[in-house]
Structures are given as C-alpha cells and as structure tokens.
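A single chain comes next, written as structure tokens; it is the form predicted alone.
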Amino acid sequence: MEVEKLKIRNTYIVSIEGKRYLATKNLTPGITYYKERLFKTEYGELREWIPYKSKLSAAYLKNMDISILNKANRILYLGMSTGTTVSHVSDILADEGVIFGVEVAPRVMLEYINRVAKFRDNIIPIFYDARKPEEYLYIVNGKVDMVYCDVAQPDQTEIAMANSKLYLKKGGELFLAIKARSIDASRDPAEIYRDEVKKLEKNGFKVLETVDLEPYEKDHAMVRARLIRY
C-alpha cells in the first residue's frame, strides 16, 4: 500500500495493487458511515471517499478545484441527507472549523443524527427548510466561507442563491450540485445545466467551473461559483 498526501488538507490517495482510492483522515477512528473502507497508514486511519456515493468526491476526481476547503472554517451545507459527504467534509475540517448542516426531512435528519452527528462535534444539525434561510440566522450567526447545496428540488438553484446571499462572505464559494431530473425529467441535462448557470450569472454570481459528474452520477453536474454582487 502506498499513500500520497494531497494538497487538500486531511485528504489522500491510497494505492493498493494498482487501484487508487481517494480518502480522508478519519476524525472518528474505527467508525464507518456507509460501509466505506478503512486504511491503516502512517498518517493515521483513512476513510475511502467513494465518488459513486459523494458528489463532491466525484467533482474532485473530475478535476474540480475544491481548494477552498483548505481555508474554510465555516461551511453551510444544504441537504445533508444521511451524512455521507458531510462526514468527509467534517474529516477535512477536523478541529479547525464547523459545518452547519441543514435538512428538512425528519426521518433523514434522525438517521443522520444517530449515524453521524453524535460522533462529530464539528457538525451542527439544523432541522429547517433551506427555502427559508432567514429562520436559522440565529444558529449560523455570521458569514460562512462556503455554501454547499445538494437538494433534490426544482428550485434548487434559487435555494442556493438565497442562502448564499444571506450567509456567504466576500470571496467565499458556492458549490451547487445540479440534479437535472429534479428540475425537468423531459429535457436534455446539458441544456438544464446551461440554464441554471445563466440564473447564477444573472443574479450576481461568477461561475468558475461546471463539471458533469458522469460516470459517477448520471444527469448531475457540479457548479463552483463565487458571489460577486449581493
């Protein structure tokens, strides 16, 4: 086994018998969250960050720049689901930051709290509707370095923009996972991606990258943008 330390903090490539695995340093040694592999290394215990299970992992493996994670210490995460990706972001931040995780589905939130949050002090679960970002102002209590939005709703871009305009600090970045089939199942996904990017650009965002997540995620793209006008 060979281990390569990457430029993103607490992130590595593990090579075993010709296969390469993206991994993060496990903040909770011995505990896994979605049947991911654990690797015992000179850097400590690493957790496989599976791109077929995490859109952020897929985006990184398709060469998206996620270096904002090196300096981010406050992240607003919209649509935590059961906590797969947010657990890896938690690994990356370790004790240098906090994640405010918003989820509106009660069953999913309960599963997330029981499976992930109770083991990790750097995640604050927020049981609110991301369409109403002003309702959790008192919890976030300030600006964030990064907004990550992964919600399966037709108005997912509008949700991302509303939260970014309220919480994202100058120079911060928005990562928006566009789920084409949640917006319109009858249209070509590439056309949907272009339309959602145009929305961002018309509403004060500079789009830095758009990456199609195939083959890891079908009909999904990740957009990285910076808010330049409130």
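Bear in mind the structure is a predicted one, so any value in this text is a computation, not a measurement. Numbering starts at 1 and follows the sequence shown.
The same protein also exists as the form predicted together with a small molecule; that form is not shown, yet it is the one meant from here on.
Think of it this way: in the model of the complex, the small molecule has a heavy atom of just one of Val104, Val140, Ile113, Val98 within 4.5 Å, and the residue is Val104. Figure note: of the listed segments 90-98, 67-75, 116-124, 144-152, the one touching the small molecule in the model of the complex, with heavy atoms no more than 4.5 Å away, is 144-152.
If you check the small molecule in the model of the complex, you find a heavy atom from every one of Ser81, Thr84 and Ala130 within 4.5 Å.
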